[in-house]
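Only one chain is shown below, in structure tokens, and it's the form predicted on its own.
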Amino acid sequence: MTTLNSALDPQSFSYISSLVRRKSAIILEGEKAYLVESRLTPVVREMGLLNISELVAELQKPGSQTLNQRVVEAMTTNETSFFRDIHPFDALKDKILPGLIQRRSKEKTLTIWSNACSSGQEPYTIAMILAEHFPMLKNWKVRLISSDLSNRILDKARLGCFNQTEVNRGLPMNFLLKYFTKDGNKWTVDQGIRNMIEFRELNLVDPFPALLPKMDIVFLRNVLIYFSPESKTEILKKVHAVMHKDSYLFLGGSETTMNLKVNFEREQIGSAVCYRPVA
């Protein structure tokens, strides 16, 4: 019986980091070697390989596009939770949505975009806020678009099925009991909430789809930290181009537009920070 050895040698790390940067523009510095090892060990095990070096050899074979994509997806699936860093959701509920509803009262349209949504906790959080606090939007055309570059993680997000640990992370009990159904050890989001969300594959470094609508609110949290300043700038310019003039952009708590040549201004709303597009 062979023994799995997932230890990561420098050559394999270099190849993986180059592949991920080429496919997603995400930069993996040397201190991220532990992350490469932890994320790819399950792939090595599932393929019956001995180590990541053997995985790299498989990646270099002709016809390995699907495996290449799987590795990139494994390296770009980020941590998430319900109501993560609560302040943006408080700002959304208390000020941003009431203001937008007043300003959009004639058109009765509202479009929200959750980028790099991972397994879906962020868009489901937004959907529950809309359902819980803004019943008047039932008569509006509301689009809640949720995107990620990983089809595998989007499949999980579409199911809206979470284990006990996942729902324990940030989800208030009243929301859990009202908007989820328990089946064994799993909790599934009610169909009405799932129907509010459009899940779609999108790589932030690629050109955005031509039919992407103008956005009122954009969540782009905890993903720019993985990009170079040049890639951050290009992504934010594309995001700016699909935002209404009076819209709102949320970045992660450790992210900022500072020192980037982009047309956003910082605004404090309660304990939350957001960014507004300027001409």
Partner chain sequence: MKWYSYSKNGDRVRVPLVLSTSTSTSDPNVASVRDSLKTHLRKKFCPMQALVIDDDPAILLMMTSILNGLGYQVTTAVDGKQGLQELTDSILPDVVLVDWNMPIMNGLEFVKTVRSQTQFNQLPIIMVTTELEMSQVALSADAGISEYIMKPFSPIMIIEKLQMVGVLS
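On a predicted model such as this, the values are computed, not experimentally measured, just so you know. Positions refer to the first chain, counted from 1.
Keep in mind the form predicted in complex with its partner chain is missing from the figure; the text below concerns it.
Enquirer: Looking at the partner-bound form in the predicted complex, is Arg169 within 4.5 Å of its partner chain by any heavy atom?
Expert: Taking the distances in the predicted complex, the answer for Arg169 is yes, it comes within 4.5 Å of its partner chain.
Enquirer: Does Lys182 make contact with its partner chain in the predicted complex, using a 4.5 Å heavy atom cut-off?
Expert: Judged by the heavy-atom cut-off of 4.5 Å, Lys182 is in contact with its partner chain in the predicted complex.
Enquirer: Please determine whether Leu177 contacts its partner chain in the predicted complex, using a 4.5 Å cut-off between heavy atoms.
Expert: Yes, Leu177 sits close enough to its partner chain in the predicted complex that at least one of its heavy atoms falls within 4.5 Å.
Enquirer: Quick one: does Ile86 come within 4.5 Å of its partner chain in the predicted complex, counting heavy atoms only?
Expert: Residue-level check for Ile86: yes, a contact with its partner chain.
Enquirer: Looking at Thr165, Asn139, Asn195, Gln102, which has any heavy atom no more than 4.5 Å from its partner chain in the predicted complex?
Expert: Here the answer is residue option Thr165.
Enquirer: Check each of Thr111, Ser81, Thr76, Asn115 and return the one that places a heavy atom within 4.5 angstroms of its partner chain in the predicted complex.
Expert: In short, Ser81.
Enquirer: In the predicted complex, does every one of Met173, Trp187 and Arg266 come within 4.5 Å of its partner chain, counting any heavy atom?
Expert: All of them do, each having a heavy atom within 4.5 Å of the partner.
Enquirer: Within 4.5 angstroms, counting heavy atoms, which one of the listed stretches 92 to 100, 157 to 165, 143 to 151, 124 to 132 is next to its partner chain in the predicted complex?
Expert: Heavy-atom contact with the partner occurs in 157 to 165.
Enquirer: Can you tell me which residues in 103 to 131 come within 4.5 angstroms of its partner chain in the predicted complex, by heavy atoms?
Expert: Going through 103 to 131 in order - heavy atoms within 4.5 Å of its partner chain in the predicted complex - there are no hits.
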